[in-house]
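As C-alpha cells, one chain now follows by itself in the form predicted alone.
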C-alpha cells in the first residue's frame, strides 16, 4: 500500500434524513491504491456513506477531502472529483441498448474518439469475460452478467477510485465467485483505490486489506482483519463478526494483566487490564475451544466439563453446543467429532486458553 497522502479523507462526517441521524462522526482516511472494506449489517449506513464519498449527496455536517482538496461544497470541485471516481450500485442500472453502448457511455461523455472508444470497450469486455456479448441488449442479461457490465462500464474510464456497493449481494455462488475474481483482477492490474461495502465478512477478508466496522451509523473501529475478528469493541460488533461465545461476568481478581471473571456458575481466566468489579463480556471464538472425552493436561487455563446439547455439521466442520453451566460453542472437524463419537447427551471436556478470551466492558 502506498504511503502517500490519503486520496479520500472525511472529518466528522454526518448525514440526517427526516430529522434522524443516519451517519454520525465518520472519520476515515483511505490511502491511494488500498482496498478498504466497509463492513456492517443491512441498514447500518454503508450505502449512504458511499454516496457521500462519491459526492452524489452533500453531507449534513463534516467535510470530504479528495486528493487533499476540500470538495464538500464547491460544485465545480465536486464535479471534477467525481470524474475521477466510479460507483457500482448494489442493483446496477443498465440502459436499454447494447452491452457495447452501455460500456461506452462514460467514454463518449468524456469526448473520446470513436476508435479509442471501440478499443477501450473491447479491452474491458475481454477483461470481464463479456466480449461475446457486446451486441446483446444489456436488459436481457442475467444478474451476474449485468454486474460484470456495470463493473466494465466503471473501469472503462480508468477511475482513480472505484466504489462498490454490495457487489455480489443478489448473486448466486457461481456468479459471486466470478465477480470476486474480477475485482481481484482489477486490484492487481490497475492498483485502483477501491472502497467496497459488504455485509459479508469473508468476502471483505478475501478482497480488502483494511476494514471499517460500521454499526448504527457510526464507524466503531478501523484496522486489519485480525483486529476486526478478534478484538471487537462492543457486544453488537462481537455478534456481527461471528463470536458465538459471549459470556457475561464480573471481574473478581486482577493481577499483572491476568483477570478472573466470575459467571453465574464458573470462573474464566483471561488476559485483560480491567479492574476488579468491572462488569464485562468474555468473548471466545468457537474455533478456539478444544474438546476431549476426559480432562487433559495442557496449557489451557480454562477447562470445563459439560454435556452436548446440540450438534450440526456444515461441510468439514461440526458445530457443538455444550452446557457447562453456561452455553459454550465449539467448532471442530467432522473427523475429530467422529473419532470421539460425539453426539447429543454425551459428556465432554471443553478448554480454551486465557489468551483466547477477548474481554470487553458491558455497556
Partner chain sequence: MIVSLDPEVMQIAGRSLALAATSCAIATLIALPLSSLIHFNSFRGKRLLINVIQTLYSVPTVVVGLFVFVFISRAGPLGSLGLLFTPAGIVIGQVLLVLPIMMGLTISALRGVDVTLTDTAISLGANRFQTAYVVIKEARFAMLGAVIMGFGRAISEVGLSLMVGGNIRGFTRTLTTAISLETSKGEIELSLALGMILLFIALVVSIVLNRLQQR
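Positions refer to the first chain, counted from 1. Predicted, not measured: the structure shown is a model, and the values here were computed from it.
Below, we refer to the form predicted in complex with its partner chain, which is not included among the displayed structures.
- Contact between residue 293 and its partner chain in the model of the complex is not found at the 4.5 Å heavy atom cutoff.
- Its partner chain in the model of the complex is approached by residue 85, whose closest heavy atom lies within 4.5 angstroms of it.
- By the criterion of a heavy atom within 4.5 Å, residue 91 is counted among the residues contacting its partner chain in the model of the complex.
- Remark: residue 148 does not count among the residues lining its partner chain in the model of the complex, judged by a heavy atom distance of 4.5 Å or less.
- Heavy atoms within 4.5 Å of its partner chain in the model of the complex map, among the stretches 187-195, 251-259, 74-82, 167-175, onto 74-82 alone.
- Contact annotation: of the candidates 114, 135, 206, 110, the single residue with a non-hydrogen atom within 4.5 angstroms of its partner chain in the model of the complex is 110.
- Proximity to its partner chain in the model of the complex, defined as a heavy atom within 4.5 Å, singles out one entry of 34, 67, 54, 321, which is 54.
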